[in-house]
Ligand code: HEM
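Below sits a lone chain in structure tokens, taken as the form predicted alone.
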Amino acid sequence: SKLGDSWQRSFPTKNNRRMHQINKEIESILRGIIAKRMQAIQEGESTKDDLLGLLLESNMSDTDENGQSTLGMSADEVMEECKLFYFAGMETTSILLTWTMIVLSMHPEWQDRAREEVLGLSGKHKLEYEGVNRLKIVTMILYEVLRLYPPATVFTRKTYKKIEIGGITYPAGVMFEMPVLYIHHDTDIWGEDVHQFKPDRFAEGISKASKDPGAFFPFGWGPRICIGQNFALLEAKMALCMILQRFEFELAPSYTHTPHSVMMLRPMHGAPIRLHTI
């Protein structure tokens, strides 16, 4: 965030000035919320069971291996964590649902199959957690959308020690970029139909969807895999089910299919969609 702030100052274009202004407004609001919560805690109020409360509680109870108090996160670091959780936890799921509605508008046969599955499980009643876990077609659709349009198109990793990868030895401190979008569209891995929307490729799960079981990684992989993966998929499934239960939808004539990556992969000109109640 501080690097981005510096970059915005170095290139004072109209958009960068606006981004800088918005960032300052967000930080001012968050600092006020943090200060108010810390004052409440100091006055004896119990810690609230939310992200900010957990961060501040951890900050106040940080101890080392000898039981001695250690310096926790600064207010700025707590603020950055709040920004990251909101951005990573809300924006990505929103973009996933947007692409899903676009794709299901382009492929009404899959929209019908998904709706039939949802209505078959719960009718127009709220789908409970057990029912969500039984959604096979909806899950396949979401996986295929994540393959074709992963919100995060690239992941970056850094070697923390000397390591050999693919027969080449790299020292510590080397930055690697993992091109998620490219790998998700690699014909050698997925086949000649790689650019087609085919949820059926996930019919037997992720590991059997391609020639390489590790080729699908919209949430990252390894020890730093997205901690919100299961929640994001649950949230997306429930939101999509509620939409399918109530509406049929199609793309408006003004829609232009232009995937565009600015931080995340999104439709450049938005997603005008017509909804019809059912």
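The structure presented is a predicted model; accordingly, all values stated were derived computationally and were not measured. All residue numbers are counted from 1 along the displayed sequence.
This protein has a second form, the form predicted together with the named molecule, left out of what is shown; the following refers to that one.
With the named molecule left out of view, which of Leu127, Ala152, Ile189, Ile137 would have a heavy atom within 4.5 Å of it in the predicted bound form? Looking at the other structure, the residue within range turns out to be Ala152.
Among the candidates Met79, Leu96, Ala114, Leu104, the residue which, in the predicted bound form, approaches the named molecule to within 4.5 Å (heavy atoms): For this set of options, the contacting one is Leu96.
Taking the named molecule as it sits in the predicted bound form, is Leu121 in contact with it (heavy atom to heavy atom, 4.5 Å or less)? No - in the predicted bound form, heavy atoms of Leu121 and the named molecule never come within 4.5 Å of each other.
Using 4.5 Å between non-hydrogen atoms, is Ala35 touching the named molecule in the predicted bound form? No, Ala35 sits far enough from the named molecule in the predicted bound form that none of its heavy atoms falls within 4.5 Å.
Decide whether Ala203 counts as a contact residue for the named molecule in the predicted bound form under a heavy atom distance cut-off of 4.5 Å. No, Ala203 is distant from the partner.
Should Val174 be classed as touching the named molecule in the predicted bound form when contacts are defined as heavy atoms within 4.5 Å? Output for Val174 is no: heavy atoms all beyond 4.5 Å of the named molecule.
Going by heavy atoms within 4.5 Å, which of 23-31, 239-247, 36-44, 212-220 lines up against the named molecule in the predicted bound form? Comparing against the named molecule in the predicted bound form, the contact stretch is 212-220.
Which residues within 86-109 place at least one heavy atom within 4.5 Å of the named molecule in the predicted bound form? Residues within 4.5 Å: Ala88, Gly89, Thr92, Thr93, Leu96.
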